[in-house]
Ligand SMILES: C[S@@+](CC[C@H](N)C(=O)[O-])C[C@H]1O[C@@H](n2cnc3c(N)ncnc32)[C@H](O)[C@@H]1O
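In structure tokens, the next block holds one chain alone, the form predicted alone.
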Amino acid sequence: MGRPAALRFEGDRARALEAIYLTPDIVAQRETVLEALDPRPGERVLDLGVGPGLLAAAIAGRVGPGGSVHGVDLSADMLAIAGARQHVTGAAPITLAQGAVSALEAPDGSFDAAVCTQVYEYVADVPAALAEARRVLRPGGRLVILDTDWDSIVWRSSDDARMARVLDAWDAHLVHRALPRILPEHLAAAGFEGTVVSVVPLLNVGGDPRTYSGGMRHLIAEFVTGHGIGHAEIAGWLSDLEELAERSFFSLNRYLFRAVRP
């Protein structure tokens, strides 16, 4: 767990991520996260790593005009996409700020709930980030986290050795490839209680490109080219996935954590 995070969601990558977040897979995942967070009218909610702002917009609709949503992200391009999202009548105001989730510019006890989706795996100092989340939550405040165990990936290929090389190179895009395994102990050490964990699987069977894996294959290809995988090899990898078409199979497990600040 020592490699520096190398993937920044800027420019074309930011727009590609937004497209992936609009696939049916991630729409359903977002609804699962929203239900776990259970934002209530009038609440103040923090979105740690707001990304394209889709979850923040959904939260704003739940908490209503008496509440508020604040989103933080390192990427100025992601914040621009989130800021351009249309505001829905009757939703809470959304404020956005550029910054790190391990150094929040908010007073103690500022929020009723916080959510962090696919972000902590990129953060070098997870204990510091969790301590910050606890600090800005009020007593009784809720924290919801979604992160991936990348060892859980199952992806059909006609060349398993090449698939393994591509996925090994892809591992360089993050800091923690198996963070969910140790999150419960980190949450407890940060002072959270009542942690509940559930699995959120992503499953794509068949050749529909409008899926999580259909979008991710191009993001992965762009990243791993230059990280130990040559252009010819990645072209062959993409061609193989396209040729599998209706025989395609992809599965990945994400894990959802809900904890409370006492």
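Quantities reported herein were computed from a predicted structural model and do not represent experimental measurements. Don't overthink the numbering: it's just position in the shown sequence, from 1.
What comes next is about the form predicted together with the ligand, which does not appear here.
Contact check for Y21: a heavy atom falls within 4.5 Å of the ligand in the predicted bound form. Not displayed here, the ligand is kept clear of S110 by more than 4.5 Å at the level of heavy atoms in the predicted bound form.
Under a 4.5 angstroms non-hydrogen atom cutoff, the ligand in the predicted bound form has G99 among its neighbouring residues.
In the predicted bound form, the ligand stays beyond 4.5 Å of every heavy atom belonging to G215. Checked against the ligand in the predicted bound form, the candidates W155, Y122, W170, W150 yield a single residue with a heavy atom inside 4.5 Å, and that residue is Y122. The candidate spot formed by F9, G51 and M78 is fully in contact with the ligand in the predicted bound form: every one of the three has a heavy atom within 4.5 Å. Judged by heavy atoms within 4.5 Å of the ligand in the predicted bound form, the contact stretch among the candidates 100-108, 182-190, 83-91, 132-140 is 100-108.
Counting a residue when any of its non-hydrogen atoms is within 4.5 Å of the ligand in the predicted bound form, there are no hits in 238-252.
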